[in-house]
Structures are given as C-alpha cells and as structure tokens.
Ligand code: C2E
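One chain follows as structure tokens, the form predicted alone.
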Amino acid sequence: MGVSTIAQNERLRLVEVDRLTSAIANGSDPVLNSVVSMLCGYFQVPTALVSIIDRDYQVFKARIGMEGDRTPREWSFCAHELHLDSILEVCDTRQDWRFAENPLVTGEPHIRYYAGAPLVVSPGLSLGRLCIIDHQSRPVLDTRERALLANAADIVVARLKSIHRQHFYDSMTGLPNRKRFEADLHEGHAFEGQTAVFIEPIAASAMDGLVKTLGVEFFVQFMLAVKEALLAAFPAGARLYRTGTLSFLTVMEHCEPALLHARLDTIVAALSRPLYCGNVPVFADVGISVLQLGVEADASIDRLRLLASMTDAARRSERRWLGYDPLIDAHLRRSTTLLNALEGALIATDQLCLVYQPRIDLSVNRCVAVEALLRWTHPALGPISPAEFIPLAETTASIRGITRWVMRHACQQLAAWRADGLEMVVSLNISALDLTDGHLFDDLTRALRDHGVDPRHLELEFTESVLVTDFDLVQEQLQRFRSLGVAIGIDDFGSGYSNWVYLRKIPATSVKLDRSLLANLQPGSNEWHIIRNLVSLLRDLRLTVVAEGIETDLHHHLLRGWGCDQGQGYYYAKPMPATDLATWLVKGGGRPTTVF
C-alpha cells in the first residue's frame, strides 16, 4: 500500500471516528460497558477496552482495569496495523521488539499479554480495537476464542452505529436530523459556498388545528408524505434533513440564480398538490428560506434559527420562497440579544420600571384607575419598546417572570400609595401563557398578601386572543381571580375576534375599545357608527366601557356623549412614573384645560 493511499485511508478513517464516536462520552454506554465486562469474565483477564484511535490519542469508550480514559497514540497497541482487518495478538510483550520498550509494558499497567480485534466499519477502515490485556504472558487464542473476540468487536461496531443513528437521525422519518446537519456543516467546511434551503411545509398554528381534529397519527402521515414529495422533487444526490418538528432542510450545490430559482419553484410545486394522509387529502402551506452557506450571514449566527425566522415572510410572498436578507439577520441578532438579557433585567435594580397612565371617569372627569406599563432600559441598547420585547418574551418562559415582576412591583406601589392616603385601581396586562396553569393565581395572591393589598384594587387585562387558546381553561382561571375580588378587563376589543359569546360567558368587568377605532373617527364614518353601537351594546351587558387612544377634544366629547364610562389617552396624560402621577393628581389630574 503506497504512502498516499495510507494517508487517504487515514483521513477517511478519522472521518468515521468523528462520525461514530465523538458524541459518546467515555464509559457512558451500558452496552459497551457490558461487552468489556463479559470479555474480562470469559477470558479471565483483568483488563478489557473499547479503544478508539483518534489523531493523537487512544480513547477508551469503555474500560475495565485501566486507569485513565486515554493514552498517547504512540503508546497504543491498538493503533498498530489498523489497516489490517485481523486480530493483533502479542503473547509476551517482553519478547516482541515492537512493544518491549513501550511505556505501558515497562511501567503501569505492565502489559504482558495483548489481543485486539479491529473495529471495522468498512474494509480497510477500523476505528480502533476491542482488546483484552493481562499482566502475565498467555498462550495463543484458539479458533473459538478468536471468533468470540471478533464477534464481540462486531457487536461494538453495531452499537456505535446504533448510537449514531439515535443521536443523528430522526426516528419518525429516518432522515438525518439537526445535529447531523450541524456536524456536517462544521466538518471541514463541507458545505462551503453551497445553498441551504429550509422548508416549512405548514405553519405551526395550522398544524396544531389539524392535529386536534385528526389526531397525532395524521401528523406522522403528513410528515412522511412531505418527505416523499420533497425527495421526488430534489435533484439526484441531494440530501434531506429533518431539522425540527415541522421543518426540513436540504443543501444544494452552487448554481446560477436562474437554475436555483427553478429548483425552488419545483419544490413549491411539489407541495402545492394535495398530500394524502391516509384517505385525507391535505394541502401544505409552504414557506421556504434560502441561505448561501459560508458567504451570507456571519459564521457565528445560528443559521437554522435565521432560516426559520424567514419562513413566515416567505409564506406570505408570491413565490413562497425568500432569500437571505441582512435586515432579517440584524433583527434576529437583536432579538437574540434581548432574549438573553431579559433574565438579567428581572434581577437588576435599574433596568425595569413601571409607569402609569391614568384612566378617567368621563362622567365626573376624575382619575379612577391607572394602567401599569412596563419600561425597559437596556444598559447598552437604551430604551426598548414593550412592543418589541414583550412578544419576544412570550415565545419563552421569560413572560412568566415578567408578569411576576410587574405584579410584585404594582402591589408594592399600591401599598405605598395607600400609606400616603391615595386609593387607586391598577390595571395589569397579562398574556395567554400566564393563564395556562395555576401559577399566576398563586403568584398574585402571594403578592397581595405580602404587601397587604386589597384585591379590589387590581384589574387584570388580557386581549381577545387569549380566549381562543383554550376557552374552558381560561374561563376557569379568570373565575378564580374574579372570586378573589380582582377585576377582569378585555383589552383591545374590536381589533380581533370580538366574539360576543365569550363576553356572555367570561366574568369580565370592563372592556377597553381598541385605539385603532378612534384613529379615523369622523362624523358619519363607519367607525363613528361602530363605536357608538359598541358602547351601547357593552353597557347593556353591564360592562364598564373604556376607550383608549383619546387624543382630541372631539374624541372626549363624543365618547362621553355616547355613554362611554372611562377614557385613557394622551388627551389626559401620558404614562408617567409613580411620583409624577401623585403630583399630577394633586394638581387636578384628569381635568384638561381644553375640556373645562
């Protein structure tokens, strides 16, 4: 075998070593541990090893009777003649010129006998050896003993391949998974300059509805149907990965833009036809994002996350696919930075604060409540809008931490106001995630108790979208709060579902009209009639009607004349810190000069 051939084989061998063994911690696998234990018992030897030969060391993935989990490669018996698919046996190391001066012979563990069967993954390529070691010289293995050692080595290789499949392959589709893609991506820049195509066949919300209707088995059938459709649409030799619950990815060789666009259109066309899941035809709703690897986007960015972030925009586009956009990249980086900083902000003393915007009783022009609004000043990025960081927090468990922070500080402020002789109702915004379990109720009751606050001085506001998540659960949770004495408000009414059935069934005490209804309020317009009728209908349901976004004298007079109970907006006051609110109230808050 020539030098160049040996070098090429060693490169291929090391690829297999990395592929099959890098994810296995030394001594972690019970099957490999059982194999070496069995060999020690059968051959009556003190030491048995699964020895993997990497670039610089022999590494013991399973061992008995050997200190440490590696030795230098140049000391390794197992590294000798790895290109031969045969058992290496040394009956007396002191009599063998190759090993007589080996540090493992002359020193601990004083190897005197060695036999190792190669861990062959393909002809001529061995990961290392499964070996037995004794401190005494021994006779040559007989045929049966050699067969047993060789068979045990085959079991080790089969186990390594099985672990690899479990770690790097998706059990549902049999496709390589996200971990395999990331490993392939970082192995010698295998995909440098090629194009990653990320495919989301249907939006998560749509799939959730289908699974609720058709069951989990439908989901399995759908994903398998998508897999087959994609494989049929790909060029020969293309590799398909399943990188997420609803996502696939392939990598295409670099080609001219026209050819790439044609291939993307082919994928879209393949998923435009009905996919049969059992006897049910289902249409996908595909979104595809495209990124040139090693060229577009910084190497440090999470490429899969970047690709996933573009699929919704791609789904809305005419062609259903979208190429890399540096603005989306920058937005993703900022979002990641903010998400990573949120937990720190919750324990810092100088980043988060509450401001309060008054709600005015329109019949007496007096402030009767305030809405607590969260503000965040990031130490490096400065003020961050709640419209930016709250939706991000709602994608993680951070939203619960934020809600707890707001409740605790609002109760603390209510206690301080009461000590100063000021009685005030504070309204807090909560999200759908806050109502998915009983933690919010427990957290709120604890905050009320700790600060001695009357529950009647709190109102919880939520948007109509909360009601469509799990109405029965939401209704049950809201009733618990209402029974405690906490008021319940529906925020942004008129911007979404406006389902009157919900209003009859939930224990709401107030409804806040969405500010968008006032944006183009003109005499005789649709909004004019809608708002007037909404106010009348809501009052008939004995709900307190609150209009937000009041900014003009016309807004104020019209809504008061139509019977709206309360108003909130810049016409009365902007959100302000608690100390400024107290001053504003002393000066006659709620009484704008344009009104009186």
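Position 1 is the first residue in the sequence shown; the rest follow in order. The structure presented is a predicted model; accordingly, all values stated were derived computationally and were not measured.
What comes next is about the form predicted together with the named molecule, which does not appear here.
At a distance threshold of 4.5 angstroms between non-hydrogen atoms, S317 is out of contact with the named molecule in the model of the complex. Mapping the unseen interface onto this chain, Q522 falls outside it, with no heavy atom inside 4.5 Å of the named molecule in the model of the complex. Within 4.5 Å of any heavy atom of the named molecule in the model of the complex lies no heavy atom of K227.
For I550, a non-hydrogen atom is located within 4.5 Å of the named molecule in the model of the complex, even though that partner is not displayed.
The stretch that touches the named molecule in the model of the complex, counting heavy atoms within 4.5 Å, is 368-376, out of 87-95, 240-248, 108-116, 368-376. The three marked residues, I390, D492 and P575, each reach the named molecule in the model of the complex, with a heavy atom inside 4.5 Å. Contact with the named molecule in the model of the complex, judged by any heavy atom within 4.5 Å, is made by just one of L104, V290, I399, L148: I399. Interface residue among Q413, N429, Q475, T509, judged by heavy atoms within 4.5 Å of the named molecule in the model of the complex: N429. Counting a residue when any of its non-hydrogen atoms is within 4.5 Å of the named molecule in the model of the complex, the hits in 559-576 run G569, Y570, P575.
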